[in-house]
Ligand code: SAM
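Next up: a single chain in C-alpha cells, the form predicted alone.
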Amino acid sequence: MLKRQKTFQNNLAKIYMVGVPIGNFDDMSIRAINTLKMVDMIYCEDTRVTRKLLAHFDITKPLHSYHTFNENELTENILNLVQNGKNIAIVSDAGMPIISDPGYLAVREAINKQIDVVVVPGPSAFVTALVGSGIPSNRIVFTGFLNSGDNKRKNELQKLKDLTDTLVLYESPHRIKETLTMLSSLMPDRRICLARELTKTYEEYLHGTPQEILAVADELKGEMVIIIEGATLKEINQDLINGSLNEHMQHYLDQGFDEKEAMRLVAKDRGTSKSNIYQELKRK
C-alpha cells in the first residue's frame, strides 16, 4: 500500500530524528538546536551524554533513555505519545540516529502508522572520514561495526574482500589491532585510511597499508572509522587463480553465469582452454 508523507503540510505532532555533533559542539546546526527546543521530550541513548549537549545550548527538556536494549519495549510508547499530540525527538550520543545506533524501529513503525518522521540532518562519522580519506567515494559499502568475535569478523571481511566498492566500517580501540591484522592478511596491498577522534582536539587521519597502520596501532585511541579501497579486477582474479578450481567456478556461477560460460571465464582467467577446465573438473 502506497504511503505518501508531505512532511510540512500539516500541524500534526511528529517524530524528529535529529543529528548531533560527533565531537565538536560547534557542528550543531541551528535547525537542530531549534528542533530540540521545540519538541516536548527527547529520547536518547545515554541521558548523561545528551544532558551535556543540551546544557551547552541552554536547552531544558525531559530526557528518556532509548537504546538497543529497550527500543523494542519503548517504541510503542513513543508512537502513542506522538498520536496524542506530543512532538518527540530521537538523538544518538553522536552523529545521526540509526547509523549504527537505535532509531530504525521507531521510524519503521511510524511509517506503518502514518506518523510523520522529520529528519534533521547532522554530522556523520563515516561521511566525515570518507571525505577526508582520499579514497573513491562514488560507490561505497557501509558495514558499521563488524562482529565482535574474531572468527566471525574474519569471515565477514573474507566475504567483503572481493567487492570493488569502497568499504567503510567502524571499529573500537580494543579491537583495532586484531582487525588490522586480519586486513593485513586478507588485503595486504590495499590503500586504507583510519580516521579517529573526528572533529575533536586529537583528530587524526592515517593513510597507508593495513601493515603500516598496524605498526602504530598501540598509539591509537578513541572510536575509529576505517575506509578501505575496493578490490581491483586484477586482485580478484589473482585470488581466484590461487584458489581451488571449484571455488573459481562457483564464483562465476554465483554471478548468474551458466556452467559453460563459467567454464569459459575460468579458462580465460587461468590461461588455458575450456576443454582442459572441463577435464579437470570431471576428475574431481
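Numbers follow the displayed sequence, beginning with 1. Fair warning: this is a prediction, and the values are worked out from it, not measured in the lab.
There is also a form predicted in complex with ligand SAM; it is not shown, and the following applies to it.
Contact with ligand SAM in the model of the complex, defined as any heavy atom within 4.5 Å, is confined among 111 to 119, 75 to 83, 190 to 198, 160 to 168 to 190 to 198. The shortest heavy atom separation between Gly95 and ligand SAM in the model of the complex is within 4.5 Å. The closest heavy atom approach of Asp40 to ligand SAM in the model of the complex falls outside 4.5 Å. Using a 4.5 angstroms threshold between heavy atoms, Tyr104 stays clear of ligand SAM in the model of the complex. Taking the partner from the other structure, ligand SAM in the model of the complex has a heavy atom within 4.5 Å of a heavy atom of Val225. A heavy atom within 4.5 Å of ligand SAM in the model of the complex is found for exactly one of Thr209, Asn87, Ser100, Asn155: Ser100. Of the candidates Ser137, Thr143, Ser124, Ser184, Ser124 is the one whose heavy atoms come within 4.5 Å of ligand SAM in the model of the complex; the others do not.
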